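The chain below stands alone and is given in structure tokens; this is the form predicted on its own.
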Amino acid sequence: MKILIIGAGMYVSGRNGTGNGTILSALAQTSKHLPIEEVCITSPSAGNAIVVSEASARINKLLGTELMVRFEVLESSIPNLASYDLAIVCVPDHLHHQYGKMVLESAVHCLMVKPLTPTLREAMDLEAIRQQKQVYAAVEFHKRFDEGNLLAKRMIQEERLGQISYIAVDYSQRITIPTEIFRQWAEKSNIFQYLGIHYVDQVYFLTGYWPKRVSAIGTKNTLKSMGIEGFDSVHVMSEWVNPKTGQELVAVFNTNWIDPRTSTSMSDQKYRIVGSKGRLDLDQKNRGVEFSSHHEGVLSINPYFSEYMPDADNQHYDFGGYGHKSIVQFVQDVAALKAGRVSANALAGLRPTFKDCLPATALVEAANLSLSKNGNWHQIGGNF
């Protein structure tokens, strides 16, 4: 299997204390069970060649793998794109449509790192191309694999919470994200679109409800004082409706990316679900593991997201956690497609396919429109 990765940022290779390189580590771990001929990583910066080389050597050594990884400078087009079995698109939000279209028009299976696209029109265009080319395309919503979220889904399905009244989300990241890591494109996105989309998708995934209308406001203080024209925080009130019963619920999202550099983790994430029979609270930062040292300060560690753990023989590590399961699942699905064991249409409704992610995309676009109009309510129409 030949795999193309478009983008070489922190989520691909890990850098500057931002993690272990989830995508590359996931593919190396997968290579222990599925034959991967090579991985090609492409990005516009030639300087990423060294980053990719060092990351692949580090990961192969830790996992005891021999994943073949090479780097190419990303030009306006990608040579021999159709020769790849699948592509993982990991570029800034505003470029998702451009590169997603390039991949799909070459009839290559596509995994898009969230969000799918900033606008519904772009998302529907990609879905139309996908249907025309009869390929498989999904969004890397790894929170659908978090055991805490799966427990929440089961409890909702079992009606242990009763009729859901509201869901409240608090989600934030360190200020280093917009000021350092994503400095070049932070102004072209916002914290709700880039990160809050995870929990927008969760509302849909957990309940099956469709977004009905949305109102969003934001604050601009800290980033503006640092020369970045963007929102410090985005606060979203939304109404959702059950397409089968007409029952409604409210979802509230408070998001920011100006948490202190000294925050005990890169992301602080909590949410609660309140229903007629009960309430469920999930703290998805504090998983009960805290580390403190003279040099690193205090860290809240979430080993259940993605982490290297000793393997059964204690010779190397395995890359474990829910954070990379969406990537592994996509590779396994493509292998099953190639072997004729499943069809792309059969995966609809079972995975976060492009079509399945249209409701979340519609809400994010509506929130952005509301932000531009001082919080005016924006209706969301259409049959998803």
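For every residue, the number given is its place in the sequence shown, counted from 1. Remember, it's a predicted structure, so these values are computed and weren't measured experimentally.
The same protein has a further form, the form predicted in complex with a small molecule, not shown here; the description that follows concerns it.
Q: Just one of Gln329, Asn60, Gln29, Asn48 has a heavy atom within 4.5 Å of the small molecule in the predicted bound form. Which one?
A: Exactly one residue meets the criterion: Asn48.
Q: So which of Val135, Ile156, Leu74, Leu223 gets a non-hydrogen atom within 4.5 Å of the small molecule in the predicted bound form?
A: Looking at Val135, Ile156, Leu74, Leu223 one by one, just Leu74 meets the 4.5 Å heavy-atom criterion.
Q: Please pick out the stretch from 334-342, 354-362, 38-46, 318-326 that is in contact with the small molecule in the predicted bound form, where contact means heavy atoms within 4.5 Å.
A: Selected stretch: 38-46.
Q: Is it the case in the predicted bound form that Arg144, Leu206 and Lys212 each bring at least one heavy atom within 4.5 Å of the small molecule?
A: Contact check failed for every one of Arg144, Leu206 and Lys212.
Q: Answer yes if any heavy atom of Ile301 is within 4.5 Å of a heavy atom of the small molecule in the predicted bound form; otherwise answer no.
A: Contact with the small molecule, no.
Q: Contact with the small molecule in the predicted bound form for Ala8, defined as at least one heavy atom pair within 4.5 Å: yes or no?
A: Ala8 belongs to the contact set for the small molecule.
Q: Can any non-hydrogen atom of Asp201 be found within 4.5 angstroms of the small molecule in the predicted bound form?
A: Answer no; every heavy atom of Asp201 is more than 4.5 Å from the small molecule in the predicted bound form.
Q: Report whether the minimum heavy atom distance between Val91 and the small molecule in the predicted bound form is within 4.5 Å.
A: It does: once the small molecule is placed as it appears in the predicted bound form, Val91 has a heavy atom within 4.5 Å of it.
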